[in-house]
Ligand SMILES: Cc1cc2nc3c(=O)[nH]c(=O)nc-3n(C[C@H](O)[C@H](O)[C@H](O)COP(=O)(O)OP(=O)(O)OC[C@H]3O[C@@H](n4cnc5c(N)ncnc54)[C@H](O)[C@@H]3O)c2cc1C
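Have a look below at one chain only, the form predicted alone, in structure tokens format.
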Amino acid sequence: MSNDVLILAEHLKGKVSDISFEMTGKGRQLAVAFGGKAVAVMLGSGAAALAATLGADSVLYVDDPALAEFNPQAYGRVLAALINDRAPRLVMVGNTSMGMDLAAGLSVTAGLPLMAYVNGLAAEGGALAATSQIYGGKIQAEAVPDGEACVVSCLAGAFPADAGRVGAGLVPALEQIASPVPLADLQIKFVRMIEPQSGDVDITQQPILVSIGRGIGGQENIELAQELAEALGTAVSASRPVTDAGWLPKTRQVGKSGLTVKPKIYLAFGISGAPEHLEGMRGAETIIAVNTDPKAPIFDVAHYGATCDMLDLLPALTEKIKA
């Protein structure tokens, strides 16, 4: 076994995802502690330029037409072969739709323990310790792997992205190889990517968002949030429970299964702060949260917070804004 850290970099539509840079930066830090190197792995076709943006010690780019778009069977085969060949100390994947497709299978195939929903990683005395955010973020669980090597799936926003970008004199070695395993007999084929239809408002372009969660109580109370949004000249967004209930369209949903937003101000009313939601709004410049539960995970990322009743606060805020 080597002391290297292997990081799977995600990309979509010609852009490397932020979580790839986040894991790369953290991977470099851990690799120093282990006495190894951080090796970013990118799978694709004609994407060498994207691979060169990753600030790892070295970047392994696997080029094959079958890897042009994400295919869990193809990606799983290639990654399993790389893990078997390079025997890394740690394998890092995102706790994303892609990572969740791959992590459990890699754990079984490679015979390595898996720690999921990770938002903290530390290496002390050469030993790895992970912190996982579970039960909708209400519990922080600390764990160490059974053995030295393991797979971890990391939550988006857990680590700073800038630490994993090329810069500060770092010029990683780029190694391009063909697929180490055959990919001509795949049973899963990529056909096309279906994107959701655009809604009446593009919440990703709003400088301010009034976002509501389960704490709104019922559809009849959404009008209170809409009145505040109108006073601010913006739109209402929501967490998944609100859109699942049909109170707002899916195009207003923020989170892992919705949209990622980065407004200047994110007003979160009645949102608990589950990891899936935090993934979609953690990048906001200023987060203001209102929740009657003082232990709600949303307060862990909020810059300002209040525990008053949102149904009392919303009309009061609207009145002040209009005045």
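These figures come from a predicted structure and were not determined experimentally. Just so we're on the same page, rigid core means the largest C-alpha set that superposes within 1.5 Å between forms. One-based numbering along the sequence shown.
There is another form of the same protein, the form predicted together with the named molecule; it is not shown, and what comes next is about it.
- Contact check for Cys308: a heavy atom falls within 4.5 Å of the named molecule in the predicted bound form.
- Within 4.5 Å of some heavy atom of the named molecule in the predicted bound form lies at least one heavy atom of Pro241.
- The named molecule in the predicted bound form comes within 4.5 Å of no heavy atom belonging to Gly27.
- In the predicted bound form, the named molecule stays beyond 4.5 Å of every heavy atom belonging to Ser58.
- Proximity to the named molecule in the predicted bound form, defined as a heavy atom within 4.5 Å, singles out one entry of Val41, Val261, Ala274, Ala31, which is Ala274.
- Residue in contact with the named molecule in the predicted bound form (any heavy atom within 4.5 Å), chosen from Leu112, Ile208, Met100, Ile83: Met100.
- Partner contact region in the predicted bound form: 266 to 274, out of 32 to 40, 266 to 274, 50 to 58, 65 to 73, criterion any non-hydrogen atom within 4.5 Å of the named molecule.
- Annotation for 235 to 264: interface residues with the named molecule in the predicted bound form are Ser239, Arg240, Pro241, Gln253, Val254, Gly255, Lys256, Ser257, Gly258 [heavy atom within 4.5 Å].
- Relative to the superposed core, Val91 shifts its CA atom by less than 2 Å between this form and the one not shown.
- Residue displacement note: Thr243 has its CA displaced by at least 2 Å between this form and the one not shown (rigid core superposed).
- The Cα position of Gly27 differs by less than 2 Å between this form and the one not shown after fitting on the rigid core.
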